[in-house]
Ligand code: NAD
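Coming up is one lone chain in structure tokens, specifically the form predicted on its own.
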Amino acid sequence: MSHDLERPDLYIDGAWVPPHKGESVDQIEAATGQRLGTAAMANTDDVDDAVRAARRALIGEWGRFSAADRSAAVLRFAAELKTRGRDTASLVSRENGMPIRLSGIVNGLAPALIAGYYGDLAAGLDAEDVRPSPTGGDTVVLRRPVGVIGAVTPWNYPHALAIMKVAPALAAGCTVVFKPPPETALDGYVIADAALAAGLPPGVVNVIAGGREAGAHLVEHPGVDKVAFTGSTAAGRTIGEVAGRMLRPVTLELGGKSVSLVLEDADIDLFTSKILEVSLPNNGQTCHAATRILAPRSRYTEIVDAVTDIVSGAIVGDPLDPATQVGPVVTEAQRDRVLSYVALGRESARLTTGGSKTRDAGWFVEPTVFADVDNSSRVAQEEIFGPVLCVTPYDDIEDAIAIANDSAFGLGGVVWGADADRGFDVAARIESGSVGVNHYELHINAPFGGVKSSGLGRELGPEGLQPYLRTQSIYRGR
């Protein structure tokens, strides 16, 4: 199945419809800088249409589905995503530069697995929770869908992040207006293809790619009952302010500047074998990437040299080539942003490898390492979102934990050490929503999300379903 690269229409109320103003944007291939296709862009009128369609579905046919019916529908949706997985993975690699070896997992396989997971969870949601009262009688606690969901996602892991919102929302009985970003709109419309092929009733899933104006209108729309957002911390703060003013529930998965803490007894071969996977996944365009490497002074030179060797030897190239380890960043603007941070790093730290763009065609940046980085510097404190690592020395474990926690963010992190129990104890002291020990990987059945400026709420696991449900207590007398 080859995905359509020309998408002149939006998906609203179970049909493909042209945008009110007929607007579209060219999709640019990250590796070449050349036109890839065209995607329709929504304006505020299109958002209004989509929200109305979602409301009709919520109180109409979809609202009458039993939990078993919803489960079956979401499982059909998962099957359609799986059918499209291989082509979707390639499409995303062309859109944002993600190496196909990663995209095949996170954009090809994971969306179907996530949707299947929530499809299975949906089957048990009709069960009533009866709680006896100590003063007599009981309370029946019912679970109901929150309502219409406004889902807004970024371009870095576009398909997986979308399904992390759409699937639990559908499992809970909600309807969705999903706004993909302009940079990766084409794979967003594949979700509409899957919803249509799965036979989801009209209005249950609406897909309207758009820019900031459309996103802002969706977030503050009076017909939306909850917002689910992944993106920058700055945008998340704005959305949080709107949600607070409107007393509207919101899930915010935001930026990060995660730590990779190497203990004195760490297996350096294990650590170096995982650097590209843990610290530079998706060319560094990953919110939980462990880009701050903390090394004990007793092994500092050894670790800096090892990191430099691995990063300098990374295979940079066409993201569709299975051998490629680092591809281009998503746009020319993002490349220039990354290079501006490299320039800042040159002023305050020691460049050990990289630091330039690698070719004229496409948006490539050399994988870059800075040593002797002061944790207070901008390159250590701000999210760069590109293939740039910082190495900082520490004196002892208390110093290491203090440096690790000296950050506005708290999304991911990794601790490396030969003693797994000690590694676990250190990980538990890091102020972050998730931390790995000699490993870092999101698990479908475990909650993922941040603390501090990295966000509010959790996705994945059963915890990822709860934000899409509200409870109703019915008190019964004796």
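None of these values were measured; they are calculated from a predicted model. Numbering starts at 1 and runs along the sequence shown.
There is also a form predicted together with ligand NAD; it is not shown, and the following applies to it.
TODO: Within 4.5 Å of ligand NAD in the predicted complex, counting heavy atoms only, one of 305-313, 120-128, 237-245, 107-115 shows up; tell me which.
DONE: Of the options, only 237-245 has residues within 4.5 Å of the partner.
Open item on the list: When the contact criterion is heavy atoms within 4.5 Å, does Tyr189 count as touching ligand NAD in the predicted complex?
Closed with: Answer no; every heavy atom of Tyr189 is more than 4.5 Å from ligand NAD in the predicted complex.
TODO: Tell me, yes or no, whether Ser260 is in contact with ligand NAD in the predicted complex, where a contact means a heavy atom of each within 4.5 Å.
DONE: No, no contact at 4.5 Å.
Task: Phe364 within 4.5 Å of ligand NAD in the predicted complex, heavy atoms - done: The answer is no: Phe364 has no heavy atom within 4.5 Å of ligand NAD.
TODO: Spell out, yes or no, whether the shortest heavy atom distance between Pro201 and ligand NAD in the predicted complex is within 4.5 Å.
DONE: Contact with ligand NAD, no.
Open item on the list: Considering non-hydrogen atoms and a 4.5 Å limit, which listed residue (Ala380, Leu280, Val219, Ile403) is close to ligand NAD in the predicted complex?
Closed with: Only one option qualifies, and that one is Val219.
Open item on the list: Give me the residue from Ala30, Val415, Val47, Leu411 that has a heavy atom within 4.5 Å of ligand NAD in the predicted complex.
Closed with: For this set of options, the contacting one is Leu411.
- [ ] Let me know which residues along 142-162 have a heavy atom within 4.5 Å of ligand NAD in the predicted complex, or say none if there are none.
- [x] Contacts from 142-162: Val152, Thr153, Pro154, Trp155, Asn156, Leu161.
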